[in-house]
Each structure stands twice: as structure tokens, then as C-alpha cells.
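Below you will find one chain, with nothing else, as C-alpha cells; this is the form predicted alone, and questions on how it binds or moves follow later.
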């Protein structure tokens, strides 16, 4: 059972009766940083609402290359998990906790019932789809229409915003995978940012100093 104070704080838009239902039927699941919540081909049987932490949603090709889609934060839900769960489809994406994360799993059989019974749930689902679609468009814009140094800055700003921290635990190899580049190119660009005083490089960690150009 989810704690009443957490759900009330994060999902204030829900009717009192719906909040009570969420607290009663929602299953709290905890994931450590770097642990996968969802993998390609996995059968999805519940909708995922984020209570704490940050979740990275991405796709992975046959060679292990990643394409970043969006991050999920407390009070948000995974639109793809909702779609897959409602239509009984297997997952086409990956989801990984960037930090220690806590989610609330809502059984799939309740989604249609709640959409008909509770207007706030129906609106929440629609807003979830809209928000995730806009985030995907933003990602596509940066991947398709920006050069690599601009994409790298966007990547760093996104993680700084999501993690609410100037320290990003990552490697040049990880960044290269997400930006569809090579480790050597990312290393060169990061060193240039460091020389200009925008970042400070540590072992498997990037410290953001000032990304205003």
C-alpha cells in the first residue's frame, strides 16, 4: 500500500475516492540506481506511476546502441507502460532507474474502469500521453536537427535538470551510446567543454560548472 501523504502530495488532482483506491491497490516497488524496470519484449501488466527518483526511458537496437526518449520524475507516469498494459502488448522500450527509485504499480485491469469512473484519472492519462509526446518531439528535434556539440549540451542540461544535481555519474562510452556517436568524439568534445570552464571531468562523473554559452 502506498503512503497516503506521498500520493496526496504527488497526485493532488485525483478525486478523494480515487486517491484512496490508488493507495489501496497500488503496489510500491523499489529499484536501485542502474536497475531495469522494463526491458524490450517484457510483458507489461501494470501502469507505472513514479513516487521518487528518476527513470530513463530509451530504446536499444540489436547492437546495444541506445536512443534516449525521455526521463520520468515523481508525479509522472510512463505512457508506454499504460499503452502496453491496456492492450496486453510486450514492451518495445527499456526503462532504467538513474538513481534509487520508487514507483507505484497499478494493475492493468483497473485502467479502463477508472477512466470511465473517475474524470481525474481520464485527464491524467491524456496529460501523460501529451507530455510524453512533447518530450519525444523535443528529443527528436535535438537528435535530428542539431549538430553533436549542441546535442551534448542538451544531454548534460537534461540530466542536470532531471537529477537536480551538477554531478552526473556517467562515462564517455555511455554518453556516446545515447547520442549515437563514438567514445573518442565525445571525449574530445567533453575536454573542450572542460577547457572552457563549462564542466569538470572526474572518473565516471561529470561535474557541471556553467553550461550557459
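Fair warning: this is a prediction, and the values are worked out from it, not measured in the lab. Residue numbers count along the first chain shown, from 1.
What comes next is about the form predicted together with another copy of the chain, which is not displayed.
Annotation: in the predicted complex, residues 188, 195 and 201 none come within 4.5 Å of another copy of the chain through any heavy atom. Here is the short version: of 32, 59, 45, 161, the single residue with a heavy atom within 4.5 Å of another copy of the chain in the predicted complex is 59.
Scanning 105, 115, 94, 99 against another copy of the chain in the predicted complex with a 4.5 Å heavy atom cut-off leaves one residue, 115. Among heavy atoms of residue 66, some come within 4.5 Å of another copy of the chain in the predicted complex.
Taking non-hydrogen atoms only, residue 132 approaches another copy of the chain to within 4.5 angstroms in the predicted complex. Residue contact check for residue 80: one or more of its heavy atoms lie within 4.5 Å of another copy of the chain in the predicted complex.
In the predicted complex, another copy of the chain lies within 4.5 Å of some heavy atom of residue 180.
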